[in-house]
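Quick setup: the structure tokens below cover two forms of a single protein chain, split into structure 1 and structure 2.
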Structure 1
Amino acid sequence: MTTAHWLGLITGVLFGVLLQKGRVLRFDKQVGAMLLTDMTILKFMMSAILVGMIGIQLLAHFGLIALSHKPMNVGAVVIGGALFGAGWAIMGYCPGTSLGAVGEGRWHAVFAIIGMILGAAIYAELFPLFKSTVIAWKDFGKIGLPDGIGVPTWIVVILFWAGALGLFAFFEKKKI
């Protein structure tokens, strides 16, 4: 294994520990997120996004990494998002939390993992069909949010941080 593999493994394990310590692997937290009565998962993920957003932008700014966006295909995003949301709502776990739940001994989450593997296999088999249909519906190319709205990246970062901090304050005030 290369250094990058080891760093990826260590980072993944640390993230898994944080998922467990943050109690976001618990089924009741997943259901609470779906019902908008418990914002633990949203606060956890938004915190990870905020930290990652700054880290990735700084790495890109100093030329340590090169950002490369996936194409923005409306059909793929809408259908993929709907399938992801349906799977999460049915199973009560997203991909990361299902693996963490199995790690905690919640064996019913194995069905979510099997569903992810089957879904990926079906997608791979049907990709030629999707490439000429769903993926071709509307392709905006390799753009990010700053490109799409025509503002500098750091403005988007600052606005996202302000919005997230406002949401955190709202959730705390409402005790959700």
Structure 2
Amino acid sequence: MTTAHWLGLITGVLFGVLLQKGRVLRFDKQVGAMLLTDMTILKFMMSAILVGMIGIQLLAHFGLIALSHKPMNVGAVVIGGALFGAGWAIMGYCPGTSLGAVGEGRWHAVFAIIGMILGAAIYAELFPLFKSTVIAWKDFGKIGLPDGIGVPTWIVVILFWAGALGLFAFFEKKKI
């Protein structure tokens, strides 16, 4: 085990504990969010984003970490995002939470894990086809929203916080 392995394992264990404590590893919570009846996972994700955003943007501002935007490849992100959403609704887990679900005894998530490994193998076979079609359509590259719309980073952060807090207030009022 190298430093990278230990660091990954320790981070993963802490991530797993927090996912479990937040009760977001459950099929019912994930599908509940998509049925708009239980917003637990949205509250969890948005809280993580709100806090993480400040630290990540500060560290990047002072050059202590490097940002690594994933490319805004239109065909890939739009079609891939839609396929993921459809599969997510049927599977009831996302890649990270499937492992955690097995950890808390929901062993049937093993089928989801096998399905995702199969999907990865299928993707590897289809990759040449995607590369010459969907992926080749239009790529805006690795861009952040502040640069993309020409608004300073901290203004975007403040607006995002305001929107998220409004959303939280709405969820609490509706008791979802």
Partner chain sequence: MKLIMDDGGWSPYLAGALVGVLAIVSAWATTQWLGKTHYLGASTTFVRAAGLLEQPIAADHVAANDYFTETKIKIDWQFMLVLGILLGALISSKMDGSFRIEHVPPTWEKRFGPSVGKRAAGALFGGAVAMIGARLADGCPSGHGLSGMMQLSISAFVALGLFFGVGVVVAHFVYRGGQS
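Because the structure is a prediction, the values reported are computed rather than measured. One-based numbering along structure 1's sequence throughout. So that the term is clear: the rigid core is the largest set of C-alpha atoms that superpose within 1.5 Å between two forms.
Matching the description of the form predicted on its own is structure 1; structure 2 comes from elsewhere. Shown in the overlay between the two structures, fitted on the rigid core, is a CA shift at residue 7 of 2 Å or greater.
Relative to the superposed rigid core, the position of the CA of residue 64 differs between the two structures by less than 2 Å.
Superposed on the core, the two forms barely differ at residue 53: its CA moves less than 2 Å between the two structures.
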